[in-house]
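In the form predicted alone, a lone chain appears below as structure tokens.
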Amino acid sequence: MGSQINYTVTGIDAGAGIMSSTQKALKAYGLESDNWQLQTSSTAAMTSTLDKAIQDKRPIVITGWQPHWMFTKYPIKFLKDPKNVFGKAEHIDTVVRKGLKTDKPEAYTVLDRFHWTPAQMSEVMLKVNDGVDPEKAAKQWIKKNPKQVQSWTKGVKKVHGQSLKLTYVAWDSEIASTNVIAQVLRNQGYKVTIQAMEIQPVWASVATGAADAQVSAWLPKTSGLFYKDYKGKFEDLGPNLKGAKVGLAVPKYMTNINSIEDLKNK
């Protein structure tokens, strides 16, 4: 099987946390000595390669993370990681600037209550991937899930045109969550602006008060370094999504490959 795919794991951007974890995994499972290598590309290139492989029923190994629309669109599965190189499940937290509770208590309450599931997030991501504008996809999801949205906004007074700034990392998951919560806050009367940034400036923007909040804090591993760097300069409102996961994934038709260990000498 390895020779069919040139002993290659199809990865994403070089700087992504999952790439360094995958390099560690290749070493930990003795795959480096089997000539396995990690190919750097981009999320778009990786999913395009995955799409072609699945259409042809060819074997492929990719860097995968959930929530992501590829797990909704394609029949793929995570490989077991008995050595726990990729760590346990992550959660995505909502992080706000110091003083938000006093300045904008209504926004603080809605942000504090905001939570949803990987499946719900994937719904929005899939629409955006299919070409729907992220703001429109968010509005459609809000319309379809009134009870969930009400659990975030119930009893919260509406405001009139107060400004609010959210920053986010432009990952598919964060494009979905940031657009949904921004739209909910707009419906509460806030004038919300959202700005995409690299991961470090997102943390810096909230820590310095340049932004009010972010809902893209993958923890404990992905954003762990920034959490430590800026500790004491922000308020963590806890998880808005639980059960996030990273690891290596393959199509389900690769029935004899269920663990990273199974790649050895294959």
Ligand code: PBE
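For clarity, a rigid core is taken as the largest C-alpha set superposing within 1.5 Å between two forms. From a predicted model like this one, the values you see are computed outputs, not experimental measurements. Residue positions are given as counts along the sequence shown, with the first one as 1.
One more form of this protein, predicted together with the ligand, exists but is not displayed; see below.
This chain lacks the partner; the member of Tyr190, Tyr108, Phe78, Trp171 within 4.5 angstroms of the ligand in the predicted complex by a non-hydrogen atom is Trp171. The three residues Ile62, Pro251 and Ile257 each lack any heavy atom within 4.5 Å of the ligand in the predicted complex. Mapping the unseen interface onto this chain, Asn240 falls outside it, with no heavy atom inside 4.5 Å of the ligand in the predicted complex. Proximity of Trp218 to the ligand in the predicted complex: non-hydrogen atoms within 4.5 Å are present. Looking at Val246, you'd find a heavy atom of it within 4.5 angstroms of the ligand in the predicted complex. Not displayed here, the ligand is approached by Ile12 to within 4.5 Å at the level of heavy atoms in the predicted complex. Partner proximity in the predicted complex, defined as non-hydrogen atoms within 4.5 angstroms of the ligand, places exactly one of 151-159, 173-181, 93-101, 135-143 at the interface: 173-181. Scanning 12-51 for heavy atoms within 4.5 Å of the ligand in the predicted complex gives Ile12, Ala16, Gly17, Ile18 in sequence order. Relative to the superposed rigid core, Met46 undergoes a CA displacement of at least 2 Å between this form and the one not shown. Once the rigid core is overlaid between this form and the one not shown, Tyr168 does not reach a Cα shift of 2 Å, moving by less than that.
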